[in-house]
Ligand code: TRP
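Okay, so here's just one chain, in structure tokens, the form predicted on its own.
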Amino acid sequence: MAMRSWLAGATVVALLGAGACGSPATKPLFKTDPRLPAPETAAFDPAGVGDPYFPTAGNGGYDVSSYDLKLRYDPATGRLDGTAAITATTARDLTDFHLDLHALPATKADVDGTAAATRHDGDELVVTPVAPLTAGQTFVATIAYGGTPSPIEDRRFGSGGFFRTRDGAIAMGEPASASTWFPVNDHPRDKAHYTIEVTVPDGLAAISNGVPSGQSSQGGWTSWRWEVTAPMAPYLAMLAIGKYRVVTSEHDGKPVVSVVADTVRGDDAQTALARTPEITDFLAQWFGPYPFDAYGGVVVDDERVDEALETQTRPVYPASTFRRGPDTVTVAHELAHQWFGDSVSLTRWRDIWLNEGFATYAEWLWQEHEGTSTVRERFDRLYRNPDNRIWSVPPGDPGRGGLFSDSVYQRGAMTLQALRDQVGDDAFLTILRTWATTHRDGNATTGDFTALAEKVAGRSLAGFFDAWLFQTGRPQL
């Protein structure tokens, strides 16, 4: 996510020289400092995965492998009707299981073709199959639902999810949004593949994630189909319905879908989106191959959307991003998330610096490449201010209230530059690429990252990471 208020040519050549991508060091791995937080081992709760920042987020007891969504939306009435076929595997014996579904009543459900009972408990849809499910069993739950969607309101994080617009709708938001338009296990640690079909009145576009897989029209309605071919965290799913200019091209044999709302004037938004392949190729020099089968971006024009979001394969940008010109720095931030946050996703929300710190560092790399400022200048400017509020919040565990704080973004990025200074350019590049490759399509924690850095460096970095990620105050250089 790019926050409005938080917001390398020669260096890259040097880094990509001989030995830059060498194998990690083979020296013994030093034990990580025991003060570093370890993953939780919370007791089983069917209505949550046990994330300490969001205890009721997601649902326990099963793992989803795919969602097959068929949606129909009528902008004239604001009604959404859908059917979700959810393929999942149980992690334990279950007499029932929970799905997150906000403000949309379920009208019918079955499990493996047999009718199942449902009840709503707030934003939890509880499904009870006729026969209990056994551990390790793969099943398909099909849920029919419908109603008038509404966003999730949070006093700290604002509104997120499904917004009705003048000519359609927008669905997006972090840390939660998916449950406002389909039943879901709404936590990043349960990633899945998606097939998304959205039927809307003729003349409107229905944009979502992944590879476009065709359109068909009948009786005044058009169905748009999308295939998400790599596992995706639920909050990264997006939907944009309305009058949009859709430009489709190709890069490296993959579709590039660039979408701009009809009401956005001028060429700056389209100019910035057109550089998506170029920016992605630049970032790939640092992070390794682009991890997905499609590229693109969506520019929406609604004042309720005032921040960009790294929705997988197709980041969403508010129109305000480009009111002062073709802002490619924000584009670089959201594209970096395709590696860090989307392909390599959080196991728990406290580790969000692994998303935002890396994406902010990518901004700095892109600005250096564009000749506006160097990474070193950005680091030094922040470090010279001992009163900066980033020193009061540890980015490795910022607290629920600090999830999107300056520290997570800026001090997170500074941690990476400080690590680069510690281990050298070659080792730093190896760490970045190995991180993106090892955890591709999966989830990871800060502990996983520190262990990798120590392995590549061949020495303990416990004191370094403790000072930069888990302590208050400005670390000594």
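Nothing here was measured: the structure is a model prediction, and the numbers come from that model. For every residue, the number given is its place in the sequence shown, counted from 1.
Below, we turn to the form predicted in complex with this ligand, even though it does not appear here.
Asker: Ok, 286, 224, 97, 404: which has a heavy atom sitting within 4.5 Å of this ligand in the model of the complex?
Answerer: Contact residue from the list: 404.
Asker: Among the candidate residues 309, 169, 264, 205, which is the single one with a non-hydrogen atom no more than 4.5 Å from this ligand in the model of the complex?
Answerer: None of the others qualify; the residue that does is 309.
Asker: Thinking of this ligand in the model of the complex, which stretch from 404 to 412, 421 to 429, 62 to 70, 45 to 53 has heavy atoms inside 4.5 Å of it?
Answerer: It is the stretch 404 to 412.
Asker: Contact with this ligand in the model of the complex for residue 327, defined as at least one heavy atom pair within 4.5 Å: yes or no?
Answerer: No - in the model of the complex, heavy atoms of residue 327 and this ligand never come within 4.5 Å of each other.
Asker: Can any non-hydrogen atom of residue 174 be found within 4.5 angstroms of this ligand in the model of the complex?
Answerer: Yes, residue 174 lies within 4.5 Å of this ligand in the model of the complex.
Asker: Against this ligand in the model of the complex, would residue 333 count as a contact residue? Criterion: heavy atoms within 4.5 Å.
Answerer: Residue 333: contacts this ligand in the model of the complex.
Asker: Can you check whether residue 337 is within 4.5 Å of this ligand in the model of the complex, heavy atom basis?
Answerer: The answer is yes: residue 337 has a heavy atom within 4.5 Å of this ligand.
Asker: Do any residues of 356 to 382 have a non-hydrogen atom within 4.5 angstroms of this ligand in the model of the complex? If so, which ones, in sequence order?
Answerer: Counting only heavy atoms within 4.5 Å of this ligand in the model of the complex, the single contacting residue of 356 to 382 is 356.
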